[in-house]
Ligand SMILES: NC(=O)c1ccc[n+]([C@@H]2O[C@H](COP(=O)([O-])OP(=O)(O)OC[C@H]3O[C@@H](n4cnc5c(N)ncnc54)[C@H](OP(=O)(O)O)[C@@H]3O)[C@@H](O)[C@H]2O)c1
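We begin with a single chain expressed as structure tokens, specifically the form predicted alone.
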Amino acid sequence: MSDSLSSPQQSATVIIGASGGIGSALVRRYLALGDCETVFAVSRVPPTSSFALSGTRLHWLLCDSSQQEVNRVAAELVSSGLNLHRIIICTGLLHNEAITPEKSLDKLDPDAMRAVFDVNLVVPALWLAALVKPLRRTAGSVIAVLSARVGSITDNRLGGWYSYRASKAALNMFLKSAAIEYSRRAPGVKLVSFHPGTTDTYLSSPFQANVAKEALFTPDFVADSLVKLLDDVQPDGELSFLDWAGIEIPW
């Protein structure tokens, strides 16, 4: 990190999973804000050409999903000396070329389940573990993790999508426990589990046919909603499970 980033008075936003639809929109949104001096974008792949002219405020860090790499990048973020004011974890897996959401128990595939849990639960968990000690003296910071309404056990009326539902429910439980520990070790940090709604990204693209036009959100709309929501929450030692409109979702 350069010496120009060493002032503790400056604030920074960290977007983890910055190459995805929502992650990219969040990077653009925070770069557009005048009150955020630095944006750290973390992803497995380099930035697209659309970020080529973003200037010196954007710092793109490459990181895979291993614990060693997460710890390395977390240490690099901390070494910047900046106040990590907002940390948003946007990693998520619903489907890919080899994985499809299961509609019945007959379709369960152990390898696919492990892959979904790794992305949706293990990766965010590694980041929360890597950051709790460095953030112990931080005040007013928020860590938001993209969850999903389908991770709500109370709200589950349709079944199916076993791996995705279970991984998001497990994520919520992990975040609840992490919020309790953060309240002791880093009490100035607020944790949020965020449901973005059905967003027009690769994750939802095969499943948009039955979604009403007004219920399919753009990544920019979701990013704007999340930015506003995070400005309204305060550290209280609790995990909040909120949707894009700031409405609480039942566990």
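In this text the structure is predicted, and so the values were computed from the model without any measurement. We number the residues from 1 along the sequence you see.
Just so it is clear, the following notes concern the form predicted in complex with the ligand, a form of the same protein that is not shown.
Could you check which residue among Thr38, Ser183, Ser225, Ser43 gets a heavy atom within 4.5 Å of the ligand in the predicted complex?
Contact check passes for Ser43.
Could you tell me which of 173-181, 104-112, 75-83, 143-151 sits within 4.5 Å of the ligand in the predicted complex, going by non-hydrogen atoms?
Stretch with heavy atoms near the partner: 143-151.
Would you classify Ser240 as touching the ligand in the predicted complex, given a 4.5 Å non-hydrogen atom cut-off?
Heavy-atom contact with the ligand at 4.5 Å: absent for Ser240.
Should Gly20 be counted as a contact of the ligand in the predicted complex, where contact means heavy atoms within 4.5 Å?
Although the ligand is absent here, Gly20 would touch it in the predicted complex, with heavy atoms inside 4.5 Å.
How about Thr218: is it within 4.5 Å of the ligand in the predicted complex, going by heavy atoms?
No, Thr218 sits far enough from the ligand in the predicted complex that none of its heavy atoms falls within 4.5 Å.
Could you tell me if His195 has a non-hydrogen atom within 4.5 Å of the ligand in the predicted complex?
Close contact exists here: in the predicted complex, His195 approaches the ligand to within 4.5 Å, heavy atoms only.
Residues from 156-177 in contact with the ligand (non-hydrogen atom within 4.5 Å) in the predicted complex
If the 4.5 Å heavy-atom criterion is applied to the ligand in the predicted complex, 156-177 yields Tyr164, Lys168.
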